[in-house]
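Next up is one chain by itself, shown in structure tokens, the form predicted on its own.
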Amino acid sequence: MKNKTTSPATEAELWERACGLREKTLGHLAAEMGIELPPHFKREKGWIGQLLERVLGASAGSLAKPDFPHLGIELKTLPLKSNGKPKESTYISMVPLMNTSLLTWTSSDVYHKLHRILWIPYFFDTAISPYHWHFSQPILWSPSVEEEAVLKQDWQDLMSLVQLGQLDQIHARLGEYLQIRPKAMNAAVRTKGIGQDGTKIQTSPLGFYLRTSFTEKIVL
């Protein structure tokens, strides 16, 4: 993908661009940008997000900051089932497995990514060509005080296991809104972490994800 729109100067400008996507099909949007649409999405999981980054003018790239750094807004696609409910959990950020002793909730990547999110829902339907998948109404969202309190508690509980080197005790059932799951192409991918005795170990990369039970509250 080479074509890219300039970054929006204001939140209002970004919102206007996002609203312009409503009811457009994925094929139509790709054609507008002069980009060839993949025949399927078995191996191109992040393709739609990358397309929208270019359409909307996101500038953070792969940096650990919101996609629109000057606005403090993160961009998230949200695939929906035919009933309008989220199809899958939403990746937020990698879990820091090294040098976590001074990390706090408000200094974490998760906190900064969740502060303000532009959700772009779209209907994911394997019964039809991806060309005809269409976008729904965008949502510009920030967590309520109550939601942030739960997210913070989830993060603290999960990160305490990471800081104590108890990575083997982390599983996807932990956390009410936020969960930790493996984040790698396959199980063979390894990265450095801290074990229970404080020594460096080889472990699976992990990511923070929002549960579908939480994102469902946002879109419905």
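Note that residue numbering begins at 1 and tracks the sequence as displayed. Remember, it's a predicted structure, so these values are computed and weren't measured experimentally.
Omitted from view is the form predicted in complex with the DNA, to which the following refers.
Not displayed here, the DNA is approached by Phe124 to within 4.5 Å at the level of heavy atoms in the predicted bound form. Residue contact check for Arg190: one or more of its heavy atoms lie within 4.5 Å of the DNA in the predicted bound form. When contacts are judged by a 4.5 Å heavy atom cut-off, Gln50 counts as touching the DNA in the predicted bound form. The DNA in the predicted bound form is not approached by Gln153, whose heavy atoms all lie more than 4.5 angstroms from it. Although the DNA is not shown here, in the predicted bound form the stretch 179 to 205 places heavy atoms of Gln179, Arg181, Pro182, Lys183, Ala184, Met185, Asn186, Ala187, Arg190, Thr191 within 4.5 Å of it, in sequence order.
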